[in-house]
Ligand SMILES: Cc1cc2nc3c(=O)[nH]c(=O)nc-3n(C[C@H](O)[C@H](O)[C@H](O)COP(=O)(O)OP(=O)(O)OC[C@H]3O[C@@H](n4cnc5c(N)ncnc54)[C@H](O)[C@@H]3O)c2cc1C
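In structure tokens, one chain follows: the form predicted alone.
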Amino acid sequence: MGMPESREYRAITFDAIREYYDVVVVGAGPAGIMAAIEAAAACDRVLLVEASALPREKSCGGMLNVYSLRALERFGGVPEDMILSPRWISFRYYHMDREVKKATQVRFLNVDRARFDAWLLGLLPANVEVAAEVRLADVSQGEQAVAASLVARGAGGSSTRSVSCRHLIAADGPRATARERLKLRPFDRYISVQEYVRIEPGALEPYFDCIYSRRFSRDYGIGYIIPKGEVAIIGSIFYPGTKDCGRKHEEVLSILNDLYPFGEPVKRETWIAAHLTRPSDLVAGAGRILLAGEGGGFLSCTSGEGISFALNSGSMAGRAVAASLSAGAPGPTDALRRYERALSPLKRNLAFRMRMFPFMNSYAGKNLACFIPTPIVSKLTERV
């Protein structure tokens, strides 16, 4: 499970960043990489910046659904060297208090997320320059251009550079600086804790177990278990504002250790995720600044799945910018209008999930799932 070597891409130092680019993309996750690939088809100068080191390591279950796999088909599909055992994992709802398990037909390709991100970097074309450990500190825009202030932190302190571009695509997650500068409502944020533990080969069934129990603390949203080769991920999702998540996660582990054949712990990760409650959280951007992935609110509020929404919204943002650039010199909101049109089905899908979520997340909804026939649970899971 160590960090892999990244495949070749055009990495540059902070000092090599130019004063002007056609497009600047912020965030080198699936949304940012797809946006950079698409935008680069219509221009010579694209800059992709990432706040962390590359290849990055993000806390994630590392499961690709059918929509993610479709988005990656044009790249020849996912390489075998990043697929873990069991190869396919099916979603299973587990109500511990009632001892009910509902296995669905919804399945995922099981991948090593770090290797997946490294592979995506290798898909970038040569006209995309990539600068790691560089974050967006500020951004503003006018009729003709976007001004971005970039900061790199090194041993000698911080360095700042100003870059001008035609369009900026922000794909840097729920804490996106661009979203803040556009004065959009900040997201509430779930806190997730992921524990990696050793398991014997074949010790766990090939399921993504989504676990609910009133034995867990009141501010515990949901838990999950995913076998990943020689280890398993035990995840805990806590509601926004939860304190002392580490201790509460330990309480969950003590309960689950009696039910699953877990071995010794390997590592623990803590992350945040947007808590989406209203369709107005879904924002494509403003003017020449576009938001993709979680920064735009594009992830499932019901399942937490975000890779497919990142891949697709990033591609849509990049294509919208490329089409606008190819059209010559249209107005400052031309790319945004194209992006909004492309996003319409995705936004309707997410708005439907938001309407469903309050009941699904209620005690009554979780209990009802125990009595609904499994084929219906499976169909509902496909929708949400």
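All values reported here derive from a predicted model rather than from experimental measurement. Numbers for residues come from their place in the sequence shown, where the first is 1.
Note that the form predicted in complex with the ligand isn't included here; everything after this is about it.
- Stretch-level contact analysis of 247-255, 279-287, 209-217, 167-175 against the ligand in the predicted bound form, using heavy atoms and a 4.5 Å limit, identifies 167-175.
- Residue 318 falls outside the set of residues with a heavy atom inside 4.5 Å of the ligand in the predicted bound form.
- By the criterion of a heavy atom within 4.5 Å, residue 119 is excluded from the residues contacting the ligand in the predicted bound form.
- Taking the partner from the other structure, the ligand in the predicted bound form has no heavy atom within 4.5 Å of any heavy atom of residue 75.
- For residue 275, no non-hydrogen atom is located within 4.5 Å of the ligand in the predicted bound form, even though that partner is not displayed.
- Residue in contact with the ligand in the predicted bound form (any heavy atom within 4.5 Å), chosen from 234, 310, 301, 89: 310.
- Distance criterion of 4.5 Å from any heavy atom to the ligand in the predicted bound form singles out 305 from the list 305, 112, 129, 195.
- Along 36-63, residues 49, 50, 51, 52, 56, 58, 59, 60, 61, 62, 63 each place a heavy atom within 4.5 Å of the ligand in the predicted bound form.
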